[in-house]
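We begin with a single chain expressed as structure tokens, specifically the form predicted alone.
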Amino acid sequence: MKFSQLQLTSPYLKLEPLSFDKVDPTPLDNPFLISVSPDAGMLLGIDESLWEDEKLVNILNGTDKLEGSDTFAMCYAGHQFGYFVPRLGDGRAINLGEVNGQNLQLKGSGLTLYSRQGDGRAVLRSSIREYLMSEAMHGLGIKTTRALALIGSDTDVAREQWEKGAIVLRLSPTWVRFGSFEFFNASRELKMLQELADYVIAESFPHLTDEENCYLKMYAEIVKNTAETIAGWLSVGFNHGVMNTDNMSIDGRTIDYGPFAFLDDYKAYYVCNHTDTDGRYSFTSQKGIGYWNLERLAVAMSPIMNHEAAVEVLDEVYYTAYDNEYFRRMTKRLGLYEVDEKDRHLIDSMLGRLENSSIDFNLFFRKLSRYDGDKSSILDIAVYRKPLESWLDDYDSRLKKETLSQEERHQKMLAVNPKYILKNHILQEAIDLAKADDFSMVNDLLKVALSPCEEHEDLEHLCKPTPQRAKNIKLSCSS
């Protein structure tokens, strides 16, 4: 099936009109296709080349519509940097409809009722970042929205300077956010709050339909999913940058890629967003912020479920789910397969030593995946060698408890420790080339993003070390 042959439905439009704004996309000037992800296309049942679909660009640009598409923007509220904003919504994203369990959305497609002081556009720079990072997070095995295609244009968009407009076609099983519930609770539209909850159960938690205490059970699953996703972020050194409640997906997946970053040298309190002057969304703070955001969701859902019971669920589920998932992922990264609760201390002490050593977080694990007892293979990539030496002694002792051979351990570790990480310096190179109409690096990065642990001999240059001047830099929210 071709993409242009898809037939969509829009179940969200069965909710009350206050939930959305019916709006058509505003086309860009002279649109052109930059990149497509056939891997994401498989989610829609597309088995013909996206590149050869002659209607693809026009559909992304809004001049053509898929059959059944009834375009709209969604309304929601949110806590932004801790402060409640009663109405936000899709200010530059327009939903096309749903097919095969995926909701299609154009980001950067023009003004909506919720654009406020914005222009409804997304620039090429931020669109490349969102497109690639959506697919990279999937490649790392962490729940995320996906990106099917990216188009550029000749449309000028004003930011700190004039940039070109672009549109990303995003996919997700749901676009409902924590802030969606906050909107209806704050506006005291309690009937609509319950209707939204029923919609979310049908869309994301159908096994809870007709269950007793279904809203509380749904909340428990949201808590668990959110905790596990954030644990995944920290296990790979990912800093989201803007964990506002309107940027939290109701099914727990990663959503809305703005000023994100992967750690270069390990720094627990690294802040990737220069707007975040208080460090609210620093790397290590993400665990606690996830809990805080879920507290806000419990308040928003309190008219339809017992709030005290929800708080108990949050306390019982969140940190346990987070710790178990983080421990599971980190022991795999370290090649530890025999159960040993002392490994939690080994992991904690490792993080402190990494910070004191000034060493690249993910490169450390990739090097460790071939570690044979020769400490120089690890210490040579550290600025300060001594902090890691004694930890490697502890690691050597711990490996003696493993029953796998060294070769088997190496194979397993190489399969989970990525060689290719889309750090900001390498993304910026792709962006700079794209501004000069060379999109080859965007497509090369897509390839390694989807299979980051594999060896790509022709793309070795994409895993080069971060230049000192570009390490752990901060980025703007502007997009």
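Residues carry their position along the shown sequence, with the first being 1. Because the structure is a prediction, the values reported are computed rather than measured.
What follows is about the form predicted together with adenosine monophosphate (AMP), which we do not show.
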Contact of Y76 with adenosine monophosphate (AMP) in the model of the complex (heavy atom, 4.5 Å): yes
Contact label in the model of the complex: D119 to adenosine monophosphate (AMP), heavy atom within 4.5 Å: yes
4.5 angstroms heavy atom contact with adenosine monophosphate (AMP) in the model of the complex for G91: yes
R159: touches adenosine monophosphate (AMP) in the model of the complex, heavy atom cutoff 4.5 angstroms: yes
Per-stretch contact check against adenosine monophosphate (AMP) in the model of the complex, the hit in 182-190, 279-287, 82-90, 131-139 (non-hydrogen atom, 4.5 angstroms): 82-90
4.5 Å heavy atom contact with adenosine monophosphate (AMP) in the model of the complex for all of A147, D251 and T254: no
Heavy atom within 4.5 Å of adenosine monophosphate (AMP) in the model of the complex - residue from D246, E228, D360, E221: D246
Adenosine monophosphate (AMP): the contacting residue among S115, T155, Q105, S204 in the model of the complex [heavy atom, 4.5 Å]: S115
